[in-house]
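Same chain, two versions here, written out as structure tokens and called structure 1 and structure 2.
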Structure 1
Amino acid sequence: MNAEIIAVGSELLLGQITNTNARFISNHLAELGINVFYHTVVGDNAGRLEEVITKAEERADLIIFTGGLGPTKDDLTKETIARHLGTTLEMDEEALQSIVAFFERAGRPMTDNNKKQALVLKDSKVLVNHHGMAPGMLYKTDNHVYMLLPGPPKEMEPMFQFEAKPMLARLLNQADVILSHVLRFYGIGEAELEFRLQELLDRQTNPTIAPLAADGEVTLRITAKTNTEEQAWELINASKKEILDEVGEYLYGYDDDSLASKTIELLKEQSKTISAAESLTAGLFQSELAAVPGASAVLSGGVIAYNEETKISQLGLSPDLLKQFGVVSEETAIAMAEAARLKFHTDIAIGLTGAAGPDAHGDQPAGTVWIGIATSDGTDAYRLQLSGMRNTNRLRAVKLALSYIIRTLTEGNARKI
């Protein structure tokens, strides 16, 4: 089954909102093994919408619409589809009752245009909207399935996930099992990863292997399509072995892992605590760790020493050291990490100093970062030379710092990265 997702709404074309619905729905369709070949966005215009529907019918079996089900005159998705398919709209009494109840609960008078929301395509299956007023619909013809969903993500997402998706799964009545497994890498670029796996990527058809780079990480998604879950895992594991034989040293995790969640997981496993002394990243390193639920078990805290005085007064760094080597130096990064480790009594501590940009810091060009990592075995320092804008550099420094911590926790130091 092939699908096209059509978002209806001029606000999308004016750039006032982002089409997050297409991503959400696509992700779930991928799990069902439904191929999505196109996303389309069209405005609140009946003529253009009908053209888009006609085109979608040529190239998809399942057409999913989001938006245009509301009470205003601009909302014309179901009206246009009804006309296009030569059918009519009729009042859904249950939906109408729920709209009336909605206004009663809100203590607001219900204007007449709201009733329009309870109109549904004749003979469609109605999807109840538990988080808003406009119901969704599923309508079948001999050749196509049309699914109409509301535009607001907080209404659409639960409706899709809990009502529409199971309905689609039943429609598919699948014999096939489709399983995906994501491998997550660090310390290697997308191009190099692909270069090293070229032969495998070229040869592979089932499972498929798709590389993706984002925010300083690279992932490979392995997707197998077969008859049983067991067979799917066999296919996935065979490819995975080939991949890891080649680039396994760069792997840090799987599926929903992130560098931060992996760091927290390793620290928990090893019953270790962490602290940080941050300069250029100014708290971003610790904030990334704290984004993971349960981080408080291993993250004690840290110091943000953004200027030289604070490095001296709060971390006890020697003014002579700062003078001799500079704030952006190996020596300063090491001293910061060691100071944090002592001050917060943690097993491991990181020191981050650098010139985020746009300006250089003394003789250190913008993008120079020093990372110090202190453990009970001693302290190592690593130098990064980044080339992005100020805040890209700050974020990349944090991601790389996390990968160095992971390497330190797994191998004692991060020299191999």
Structure 2
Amino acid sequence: MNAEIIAVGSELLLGQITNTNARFISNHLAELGINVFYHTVVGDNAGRLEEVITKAEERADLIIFTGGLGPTKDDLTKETIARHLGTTLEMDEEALQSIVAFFERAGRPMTDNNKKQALVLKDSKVLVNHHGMAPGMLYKTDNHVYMLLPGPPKEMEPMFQFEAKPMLARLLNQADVILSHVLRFYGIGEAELEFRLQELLDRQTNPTIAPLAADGEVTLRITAKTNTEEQAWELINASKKEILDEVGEYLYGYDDDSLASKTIELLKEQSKTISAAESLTAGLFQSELAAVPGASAVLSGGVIAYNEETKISQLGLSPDLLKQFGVVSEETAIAMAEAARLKFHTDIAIGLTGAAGPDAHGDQPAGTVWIGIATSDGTDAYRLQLSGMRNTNRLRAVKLALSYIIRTLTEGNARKI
């Protein structure tokens, strides 16, 4: 089965939001063995949407729409599709009652246009929206399958994963098991990783290996198709061993892991706590950790010491040290980390200081970052020279700091990345 994903919404074309839905859906369709050859974005215009549908029907069996199912006049996806297919819309009573109940719980009056969200294509299979109001739907003709999903990712993602995806698997009547496993790497570029794995990538058949770079990380998705789950894991593990023999030193996690979640996981496993003293990152490091559920078990606190006065008053750094070595220095990063560890009584602490850019800081060029990591065994410092824009450098400094902590927790010291 070949698929096309059509995202509906003028806000996508205007650059006001990013089309993350297509990426999410494509990942899951790949696990079902469904090919995605086109991603299309179209504005809130019925005529242009119908043109896009006609074109998609020429090249895809499965057409998935996201967006345009809401209550306003510019939400016209299902109306346009109904007209295009020569069918009608009907009220889904279960969806309508869910919408009514939502407004009752919120204590807000419900306007009539909200009822529009409960309309579905006649004779379609309804996908329940457990995280919003507009239901999704699946509609079949002799030659095509049309799937309509809400636009907001917090509604679309669980609906697709738990309702639409199983429905598509049944539709395909798959007897085979398709299993995917993701390996996550940091500290190696996509080009270098592919170069080192070129021989393996050239001879891949089953399982397949797909590299993907995002936000400074590189992932490899290994996908096996066999008769049983046990056989699939045997194929995956064989390829996984070959991969790790080549680039295993850069592996930090699997599947849904992130640098932050892996850090939290390791700290919990070792019953250790962490604190931070941040200058150029201004709280981003702690925010990244705090985004992980359960972070409070290991994250004790931190200080944002953005200027020299705060480094002296809140962290107790010596004015002489700052004068002698400068704010952006190995000595300052070490002193910040050690001060945070003492202040918050943690097992590990990090100090982040640097010149984010675009200007240099004294004699330190823009992009210079020092990371100090203090533990009971001592303190290490690592120098980075980043080359991105200001906020890119700040975010990358956080990710690199997390990767150094992971190395420290797993190897006893952070190997230079």
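No experiment lies behind these values; they were computed from the predicted model shown. For residue numbers, the reference is structure 1: its sequence is counted from 1. Basically, rigid core = biggest C-alpha set you can superpose within 1.5 Å across the two forms.
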**Item:** Structure, 1 versus 2, that is the form predicted on its own
**Value:** 2
**Item:** Core-superposed C-alpha of Glu288 shifting 2 Å or more between structure 1 and structure 2
**Value:** no
**Prompt:** Do you see a C-alpha shift of 2 Å or more at Gln198 between structure 1 and structure 2, with the core held fixed?
**Reply:** no
**Asked** Has the Cα of Glu338 moved 2 Å or more between structure 1 and structure 2, judged after a core fit?
**Response** no
**Message:** Leu32: how large is its C-alpha shift between structure 1 and structure 2, with the rigid core as the superposition reference, in Å?
**Reply:** 2.7
**Item:** Per-residue Cα shift, Lys73, between structure 1 and structure 2 [Å; core superposed]
**Value:** 7.9
